[in-house]
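Presented below, as structure tokens, is a lone chain in the form predicted on its own.
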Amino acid sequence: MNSAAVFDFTCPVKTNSGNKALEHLPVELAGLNAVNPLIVANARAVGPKAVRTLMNAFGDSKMTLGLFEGVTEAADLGVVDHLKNICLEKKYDAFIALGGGKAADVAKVLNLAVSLKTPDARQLSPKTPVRKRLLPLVVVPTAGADGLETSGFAHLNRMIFSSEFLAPGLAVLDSRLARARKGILMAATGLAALGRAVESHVSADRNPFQKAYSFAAVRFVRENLPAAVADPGNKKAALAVLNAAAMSGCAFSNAASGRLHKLGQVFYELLGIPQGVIMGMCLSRVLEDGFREGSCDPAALLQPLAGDDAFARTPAGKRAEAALALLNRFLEELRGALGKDLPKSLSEAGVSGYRKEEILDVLGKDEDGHYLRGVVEGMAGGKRERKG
């Protein structure tokens, strides 16, 4: 195997996955000298059953639990500062983020504020130096997670906090929390994982460790997402999709933010559209454009998508086109299974003209803004905008 002469890869995340994985959490926290954790959750998003399942897992551990289940999509640094004061008063010594998205973001930034003893969390910024390990952080993703839970990134107040110390020390993936009520929740999770894993896997600066995580994430999605979408109560398939999301976050932490991630994130932050929905909408175009530009080689995707035998049988010069064709069929199968629940265009997603303009304005400030704006224009009515 050829690899770069010099590379680095950081992944502080330990993963416990399986049936009743939550029951091991008290022992894991005790090993980190934590006895008084605070659970941070969006109760409306995860549901009361998920909260009960997590709290019941502590049984007779004699640990005292705090619970804040009021995280919303509008949570900001003001919420973090409020929670920081509670944490100092109650002496919480660890944090557990239940669910995906904003709950994990709030927990990460809250951990930063408490660990650094920040007088006013509202003064935190991406420039705040983080030079030491923070208090123990555990993420417990549920259906609807986006994969960023296991990353070293947190998005809050339209700011991006980034540090290897923000990443959780433990991710607990429990089959009881993996199941969803609707197939679109599984699709959004799987497509977000696929988008980030794909970008990581074809990036020019990938290394063997990064490739291992992205490879496994792509294969898990390919083999399990259709079953999870067809039956969102399928614990085995749903848990595999959550594992893919967790691995994609670890790979993403070691790669540059790609075009798919940027597109998914801006639609989520401004309109609340799940990142995976947007990534699925533009995945083929972004990869095809990158292939034509020479900035990425989709040939590397054929093995995790098609399997070892198909990869070996396909001539090297045809692997990129074969991978793109297989990916397109996979996406079409998902759309066929979900129908209107998985929109093909911004108009089908209900994005109005003025909201599209708002998106375009934000993307225009990005270093890759010209390209990203073109993709959004092409997504507007479901027609692909060709270059040149």
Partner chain sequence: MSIIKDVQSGKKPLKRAYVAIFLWFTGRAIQAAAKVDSEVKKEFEKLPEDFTFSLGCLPCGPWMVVGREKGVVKYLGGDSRGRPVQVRLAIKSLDAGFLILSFQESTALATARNRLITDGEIPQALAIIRILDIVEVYLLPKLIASLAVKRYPSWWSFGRKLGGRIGVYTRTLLGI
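Numbering follows the first chain given and starts at 1. Given the structure is predicted, the values throughout are model-derived calculations rather than measurements.
Just so it is clear, the following notes concern the form predicted in complex with the partner chain, a form of the same protein that is not shown.
The three marked residues, 277, 284 and 357, fail to reach the partner chain in the predicted complex, with no heavy atom of any inside 4.5 Å. Interface residue remark: residue 377 is not counted as part of the site for the partner chain in the predicted complex, having no heavy atom within 4.5 Å. Not displayed here, the partner chain is kept clear of residue 348 by more than 4.5 Å at the level of heavy atoms in the predicted complex. At least one heavy atom of residue 83 is located within 4.5 Å of the partner chain in the predicted complex. The shortest heavy atom separation between residue 373 and the partner chain in the predicted complex exceeds 4.5 Å. A heavy atom within 4.5 Å of the partner chain in the predicted complex is found for one listed residue only; from 353, 59, 336, 48, this is 59.
Scanning 67, 362, 324, 331 against the partner chain in the predicted complex with a 4.5 Å heavy atom cut-off leaves one residue, 67. Note on the interface: of 288-296, 259-267, 100-108, 85-93, the segment with non-hydrogen atoms within 4.5 angstroms of the partner chain in the predicted complex is 85-93.
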